Structures are given as structure tokens and as C-alpha cells.
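Before any questions on how it binds or moves, here is one chain, the form predicted alone, in C-alpha cells.
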């Protein structure tokens, strides 16, 4: 079966697990293409006006799969960790898609809720995997367990590549290769200098994924993965920053355990899964003095983003670390956006930090 997976929202966070799970059963996983202006316009046309831009982009990606797959995989995300929640729009996304895009092939809808999962440490994925296997008509409980472990293995491999400095898009592309991670990493280290002139985005060493002996200023590009890594959403921001001779660090560059350790030091717990990780990442890098400046990239109308940005900005201000908030929607003009980015970069260069 050809199973479609939209390249949007938490695609950059948990797609490798579902890719490994589905491919273990022999399904072909088909991912929609990169975000384009035409794709965005198709999503806006089908979405209610109150939805944020990332959701509108998701609609466009789902619609792009309409004629090329037998089913569309669409998790209903409630909670990714114990005692945390995800945005309500994620919880209602399958219902919104069903109501607005009746022309889509059948939806494979599963609920990911860490609070209800009976398998410790699976963060809701075990129960969702069992539901997916039933809907797809695949195998026995034993086969489902084997597919679940295949998904976990691919997710772990993906996260190792991110910590080693690969961009998520590069890491996901690498998962299609069947040689071992060790061989791929050795090949990448030998060839990265030739491909990128030694300027690979997010490349680093050590626990935080950063190198202490690189002269370029380091910018923490903070935001949800679907904002930071979708060049169609953020007007190619990461590429532009690299072209301005900055190192770009993202949330994925810091091990989750380090980020969550720092987030737990806050006087009040953050109950949004990714928001907690973002704040912890910033605090970890602030403590290590590995950040010249912070760019917080958010979607207009996102409540969690507005709170997370405020928490990080206050701490950055206390430490005299430059901070800028970049809020985007479908009406954001490229010229004005780039002017702010370039002005911030020029200010960091003049300060000569890191």
C-alpha cells in the first residue's frame, strides 16, 4: 500500500518512527514535496481563517497527496510525554481534515497520547502503533511489536544524526540509505568539507552539537521544528543565515535530557512538550555561553509560542544576549522580514560575541 505522509507540522520530529514502522510491514511511504507558494495557497483556500500558518501549510501538503497514495497517515496528537500536552489544533487536526478535504483517500487516524499508553517509555507511540496495525490490516501482535521496534530504531538513528550536526531534511534523506549509521557518518565527515566548504548548517561537536573553536558567531534559531526547518514557511531563513556567515544552532542540536534538565529548574513547569524543550535548550546554551544571539521564530496567533518567547527573552535580557522575535503569517513580506534579519545579524557582528 502507498501510504501518504504530509511534510508538515511534526514531520520533522517523529516521522522517522512512522517511516520505520510502516516500511517494516512492506508499505511504501510517500511524503509530499517541499512547501511552495502554490501549495500554501491551496492550503489557505481549504482552511478556516482562524488557523495558524503551519496548519494551513499542513492542509496544502495533505491535498498534494490526494492523487498519488492509497491512504493518508494522520496521527491525532494529544501528548508526547507524561504530564505534557500538545497544541489543541493538533488534537483536532484529523477532524478538520475530514471536514475540509473530503476528496482525500482514506485516513489512517491514530491517537498518540502518552497519558494512556500502557508501555512505559513509549510516549504514546505503542498504543498508536497497535491501532495503526489494525486499521492497515497488518499482521499479528508479534509482527506489530517487531514493526514498533523498527520504528524506534529508525527514530533513534535520526536523532543521533541530528546531534552529529545534520539538518533534519538531510537526516531524513539519509534514512533511505541501507548502510549503517557508522558508515554514513564517516562518509559525511570526509565529504562535508567538499560539499559545503566547511560551512554545514548546525554542524558541531560535543554534547551540545557545537564546536568551541569555530570563529563564526553562533545564532540560536529557536522555534517549533515545523517553523525552523520548513524553508517554505520561514523564507529560507537557515540558508540565509549561513550565507551571512553565522553558525545556526537549533533545538535538535542539544540532547533532550540536557534541555529538559534545565527546563525543570523553572519555578513553574511548562506543560507543552516542545515548548519545554525549547526553553530548556536556550537555558542550556546560555549557561554554556555558546550563543551570540537568539532568533525566536513563531507563527502568528500561536499562544504557546508567545509565552515561550517571553520566557526566553527575559532570560536573554538578563544575560545581555541579543534577542529578536520573528512572527510570520501568510501576509509576511519578504523584504521587511529580511531587513530585520540582516539588521540583527549586523548588530551581532559589530558586538563581536563568540
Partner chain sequence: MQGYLGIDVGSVSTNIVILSETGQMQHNLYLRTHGQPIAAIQNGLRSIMEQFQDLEVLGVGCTGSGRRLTGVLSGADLVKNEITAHAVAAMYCHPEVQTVLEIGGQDSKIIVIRNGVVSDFAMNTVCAAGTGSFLDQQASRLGVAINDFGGLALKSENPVRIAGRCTVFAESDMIHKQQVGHSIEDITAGLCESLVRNYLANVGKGKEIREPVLFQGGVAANAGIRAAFEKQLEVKLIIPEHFSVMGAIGSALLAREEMLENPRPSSFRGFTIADRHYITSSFECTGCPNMCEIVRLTDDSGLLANWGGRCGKWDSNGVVPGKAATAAANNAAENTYIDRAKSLC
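Positions refer to the first chain, counted from 1. Because the structure is a prediction, the values reported are computed rather than measured.
A second form of this protein, the form predicted together with the partner chain, is not displayed here; the remarks below concern that form.
- [ ] Choose one stretch from 245-253, 227-235, 275-283, 140-148: the one whose residues place a heavy atom within 4.5 angstroms of the partner chain in the model of the complex.
- [x] The contacting stretch here is 227-235.
Task: Proximity to the partner chain in the model of the complex, single hit among 298, 31, 316, 324 (heavy atom within 4.5 Å) - done: Contact check passes for 324.
Open item on the list: Taking the partner chain as it sits in the model of the complex, is residue 37 in contact with it (heavy atom to heavy atom, 4.5 Å or less)?
Closed with: Yes, contact at 4.5 Å.
Open item on the list: Is residue 25 part of the interface with the partner chain in the model of the complex - any heavy atom within 4.5 Å?
Closed with: Because no heavy atom of residue 25 falls inside 4.5 Å of the partner chain in the model of the complex, the answer is no.
Open item on the list: My question is simply whether residue 2 lines the interface with the partner chain in the model of the complex - judged by any non-hydrogen atom within 4.5 Å.
Closed with: No, no contact at 4.5 Å.
Open item on the list: When the contact criterion is heavy atoms within 4.5 Å, does residue 70 count as touching the partner chain in the model of the complex?
Closed with: No, no contact at 4.5 Å.
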